[in-house]
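For reference, the chain that follows is the form predicted alone, supplied as structure tokens.
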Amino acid sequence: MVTGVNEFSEIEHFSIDWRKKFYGKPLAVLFPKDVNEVSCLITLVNRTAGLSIVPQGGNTGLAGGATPNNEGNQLIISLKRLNLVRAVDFFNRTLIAEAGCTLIELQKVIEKSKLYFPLDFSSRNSASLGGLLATNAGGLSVLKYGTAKDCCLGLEVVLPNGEIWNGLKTLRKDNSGYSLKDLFIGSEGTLGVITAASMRLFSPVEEKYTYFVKTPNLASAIELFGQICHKTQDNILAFEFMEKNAIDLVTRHFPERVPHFIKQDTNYVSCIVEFPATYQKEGCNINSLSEVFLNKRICSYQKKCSEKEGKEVWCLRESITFASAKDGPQVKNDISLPISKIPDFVKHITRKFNQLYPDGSFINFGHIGDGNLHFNFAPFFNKVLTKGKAAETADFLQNKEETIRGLINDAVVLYDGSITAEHGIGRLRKSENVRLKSDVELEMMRKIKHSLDPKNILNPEILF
């Protein structure tokens, strides 16, 4: 039986996005317990004029894609109660789980089977399987294992007319026509409601080496990445980066999370490099990797971390987002670029912004190994604000945020990138998505949407 709430005090949590940027007022929040109840709800809404549906998982999205409007004509369908792990197949290296399973729950269940689920990010305690597929989430392990799309083998989806598509195959090869699952992955709940998925599993990396590395600049970091990939035959688990401002931000708000061996004495780029210990055990030439680390032109410092130190540097990396939240409003950007073009892009946009907004600065960090930058602009990063002037930041962003985002996105397109790498379009980037995509691409998207959802009842106010 479907349960729900309709008192606003009870549903406020479901009505506000994680960043508290978008606020909605849904008619009600409904909690179906299985795929059949989801089907019944969608069928009912499909027959009722004036209503639409916003599917919601863990509500940890960063683009407002699961936030309803303020008109009181939208129902949130929360998938929290669809939280069963239906099957784990050790020999096939797969699991079938429902959309409401949180990432941390999946990791714990699979660990008992001595297998490994590679998708991972800082919101793991709340983020759900359906949400990470709906946004094609990435995270910390994309370099080796790919995004959610790469790990997904099949889906169970409730279509906008209430029909259930059971596509929960667990095959690595299925060349029998259109890859329908790929329509729904990354569609942000606009084409159907994902209720379950079959996902790839892997053997866990039992032992790995974590290095903390300093490079003189971004170009050096990218050259270091390329040489390490070459020397290890691409046997690398992670290559993350943090520019100085990002670490300064953590130092400002969480000084206890900055490892003692990290000294902010010069303007360098910090990198976390991780690869499996089997790299050495399988007879690869570790001396060749040492040669890369000892090349002072591209590597000014390197430290092989103990297990404790490795956890510390990862804690530092994950703390940047939380430090940003405490520091005040920023223009958040989740962009993707060809790796080789990252230094030129950063130089280009930084030079422009230094002239336009001299008190501001970029907080630049992310997954440089797959070209994904979290490129956030803090308008008063270099200016001391008193409590009486704190509102100045909010006023600045209210008046300038769209202009700033537009300038950054123009540069992203100029350097052949994407305005979102892993967080999606949602409400946050809707206007920019329409502005920057070609008419041909938008028209194809609209035709797909109309074909599957002619009444426009599923998440109708995002993407385009």
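None of the values given here were measured: they were computed from a predicted structure. Note that residue numbering follows the sequence shown and begins at 1.
Absent from the display: the form predicted together with a small molecule. The rest refers to it.
Just one of 394-402, 420-428, 51-59, 26-34 has heavy atoms within 4.5 Å of the small molecule in the predicted complex; which? After filtering at 4.5 Å, what remains is 420-428.
To verify the annotation, which of these, 181, 124, 200, 374, has a non-hydrogen atom within 4.5 Å of the small molecule in the predicted complex? By the 4.5 Å criterion, the partner-contacting residue is 374.
My question is simply whether residue 270 lines the interface with the small molecule in the predicted complex - judged by any non-hydrogen atom within 4.5 Å. Result no; residue 270 lies far from the small molecule in the predicted complex.
Does at least one non-hydrogen atom of residue 336 fall within 4.5 angstroms of the small molecule in the predicted complex? Flag for residue 336 set to no.
At the 4.5 Å heavy atom threshold, is residue 141 in contact with the small molecule in the predicted complex? No.
Could you confirm whether residue 80 comes within 4.5 Å of the small molecule in the predicted complex, counting heavy atoms only? Result no; residue 80 lies far from the small molecule in the predicted complex.
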